[in-house]
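Just the one chain here, the form predicted on its own, laid out as structure tokens.
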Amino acid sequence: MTSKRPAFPLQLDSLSGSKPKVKPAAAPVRPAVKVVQDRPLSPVHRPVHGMDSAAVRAHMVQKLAQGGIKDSAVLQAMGTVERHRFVETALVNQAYEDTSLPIGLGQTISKPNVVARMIELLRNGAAGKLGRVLEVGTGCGYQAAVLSHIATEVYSIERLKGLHEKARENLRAFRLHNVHLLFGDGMAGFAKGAPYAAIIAAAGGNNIPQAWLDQLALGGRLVAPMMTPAGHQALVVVDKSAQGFQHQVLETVHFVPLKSGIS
């Protein structure tokens, strides 16, 4: 039994005007123009003041490679997605620095190195694209955009309505037809899209929710921050096989806390 998947992005209605009537003696009037507004005037279209976006992205990718990111597909995706389109105007000049930045509602966009590291772990050396991926914590939409280049389909869920709407606005102009944005409780995952070849989370809790483990496909991999017994967050990798789950605890990270419900 199949279920209807949410479509993204939305198509905007066309706007049209009509030619005004003028008196013969009046000055020439510019004829009305039919305007097809297929993308909104939003922050994603602002210029990058004082920087060459392609050049600074290339420099960021070079630093990622020097920092240990080896997966060429990940490096290419990171070099393709314009991170400056996902940050606030006042922070544009910091967009390609290896730092997290505030995106509103107490949330942040992760460091480029952390995004690349987690996606590289998620791919685990895969020769081609991953299959269907679930992202928990859409935020401003940046990681979903990167995932769209390394997965055949991305389901991204966000519990904060304001960020869900911001991500829709940020991603609309990119027309990523393999990305589906969902508003809901990320701790519950999204069962209608399961099973997932990979699951990635941008928030950390005391343990991995059972719903995520249930929705992960056999042979699939989950990457998420989790609180350790020592009281700090660390990246955790979970592989699912017919024999059960295998866990790896990796380096320390700092993510916003994982919460249930919507707001």
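Numbers for residues come from their place in the sequence shown, where the first is 1. Source: prediction; values computed, not measured.
This next part talks about the form predicted together with a small molecule, which is not shown.
Student: Tell me which of 231-239, 216-224, 55-63, 195-203 has residues with heavy atoms within 4.5 angstroms of the small molecule in the predicted complex?
Tutor: It is 195-203 that comes within 4.5 Å of the partner.
Student: Please run the contact check for Arg123 against the small molecule in the predicted complex: heavy atoms, 4.5 angstroms, yes or no?
Tutor: Judged by the heavy-atom cut-off of 4.5 Å, Arg123 is well away from the small molecule in the predicted complex.
Student: Is there a heavy atom of Cys140 no more than 4.5 Å from a heavy atom of the small molecule in the predicted complex?
Tutor: Residue-level check for Cys140: yes, a contact with the small molecule.
Student: Tell me, yes or no, whether Gly131 is in contact with the small molecule in the predicted complex, where a contact means a heavy atom of each within 4.5 Å.
Tutor: So Gly131 does not count as contacting the small molecule.
Student: Please run the contact check for Leu160 against the small molecule in the predicted complex: heavy atoms, 4.5 angstroms, yes or no?
Tutor: Yes.
Student: In the predicted complex, do Ile103, Ile109 and Met187 all put a heavy atom within 4.5 Å of the small molecule?
Tutor: Every listed residue reaches the small molecule in the predicted complex, so yes.
Student: Consider the chain as shown here, without its partner, and state which of Ala151, Met78, Val136, Leu171 has a heavy atom within 4.5 Å of the small molecule in the predicted complex.
Tutor: Checked against the cut-off, the match is Val136.
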